[in-house]
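The form predicted alone is given below as one chain in structure tokens.
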Amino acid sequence: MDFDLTKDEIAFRDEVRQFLDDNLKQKTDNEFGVSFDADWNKKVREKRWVGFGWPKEVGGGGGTIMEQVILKEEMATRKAPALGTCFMGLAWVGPSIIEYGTEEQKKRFIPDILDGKYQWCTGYSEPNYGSDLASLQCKGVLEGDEYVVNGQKIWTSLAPFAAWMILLVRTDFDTQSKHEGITCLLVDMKTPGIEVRPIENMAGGRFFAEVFFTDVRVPVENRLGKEGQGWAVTVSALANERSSIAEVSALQRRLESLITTARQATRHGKPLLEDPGIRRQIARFEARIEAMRLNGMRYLTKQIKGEPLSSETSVNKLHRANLEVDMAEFAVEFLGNAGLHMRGSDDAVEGGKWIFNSLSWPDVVIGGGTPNIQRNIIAERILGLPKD
């Protein structure tokens, strides 16, 4: 692999660094406020860095693969705010609409996603079928120019806050393959018949929800792709979500924070970082993050060469989920009782962030596919093992 940058790529990297120098001005995470965020989002949107890899004709930046890597790595290294505020729209929905949507759908939804006018959620998993998405049973029946939807979704990311949902329904129950007969719909969450019941995690977060559909009517014009093409739309969406270019930098920052915590905490008058057992565990975390980085480079190399992409990104999704949980739980463990104090407590270490992250594990473990799903994908598509 040769990742030496070209002159144009170096110039772009310098442009990004100069922008960060001019606009971050040594601010800390706590200093980012509403006015700063509004100004930041306006500036990055003007530079077309929101949706940077999307085609220019739909409002994106038309950035190359390496330019996207440079932009995300520089932003992550400097702890800059996100590029855009519509998380699901940018990660899943937008790319799917660009690939499968009609011109009317692109004009209607893409500008709002880039501007972050509202949030999207993903209606994928169902009770009893969470690890087998293709077996979904939420039903969509075509009546005239509308689909009538009945059924339930669970672990629906961002549903308590979202204005729109990208929804998978089964429109044909008599297909030879369970991957057939699935259709993708874009659903206004204000449509009559939709009930959202938030699922609260142990830290008090409400990132996920159960969603119930009772005779919900969705116009045919809101179908994404052809009827029965929903599985292909979903595979495309999930491939975009698991790029993991910036996740390695984020995990490296998390590890730096963990090291700082271990250095500041003491036991018997000595910094915990001097404990050989703690140093060994930190070294293991560092090795796992490096393995994730190198695996990402493998995937990136295939992208640049135009080679067929496999499921290497499922390896990184699995790594990330495990690392997020393991690092948080390790910090809580070596901090002892002090690590158990939540936000708002005078005794909370670093605002209780480690126990909060430890208890908020569903946000990173379930989103985008559970570890068991990732293991099945790795086993079947990379190792060639029989289907589970």
Partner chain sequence: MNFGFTEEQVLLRDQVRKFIEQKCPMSEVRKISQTKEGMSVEHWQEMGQLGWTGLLVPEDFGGAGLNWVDALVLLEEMGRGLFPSPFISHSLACFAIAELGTEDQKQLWLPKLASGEKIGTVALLEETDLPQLEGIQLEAKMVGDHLQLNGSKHFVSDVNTADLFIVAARTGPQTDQVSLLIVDKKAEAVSTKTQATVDKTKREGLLQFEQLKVPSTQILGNKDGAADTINRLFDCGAVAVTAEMIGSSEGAHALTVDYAKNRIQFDNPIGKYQGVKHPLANMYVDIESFKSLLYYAAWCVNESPQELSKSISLAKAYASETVPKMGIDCLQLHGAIGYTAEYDIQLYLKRSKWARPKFGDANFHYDRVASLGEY
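Because the structure is predicted, anything quoted here is derived from the model rather than measured. Positions refer to the first chain, counted from 1.
This next part talks about the form predicted together with the partner chain, which is not shown.
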property	result
Of 301, 102, 175, 264, the one that lies within 4.5 Å of the partner chain in the model of the complex (heavy atoms)	301
Contact residue in the model of the complex, chosen from 106, 78, 139, 288 - any heavy atom within 4.5 Å of the partner chain	288
Close approach of residue 312 to the partner chain in the model of the complex, 4.5 Å, heavy atom	yes
Non-hydrogen atom contact residue 283 with the partner chain in the model of the complex at 4.5 angstroms	yes
Contact test in the model of the complex: residue 259 vs the partner chain, heavy atoms, 4.5 Å	yes
Residue contact check: residue 323 to the partner chain in the model of the complex, 4.5 Å heavy atom	no
Candidate stretches 92-100, 183-191, 291-299, 113-121 - the one whose heavy atoms come within 4.5 Å of the partner chain in the model of the complex	291-299
Check all three, 41, 43 and 46, heavy atom within 4.5 Å of the partner chain in the model of the complex	no
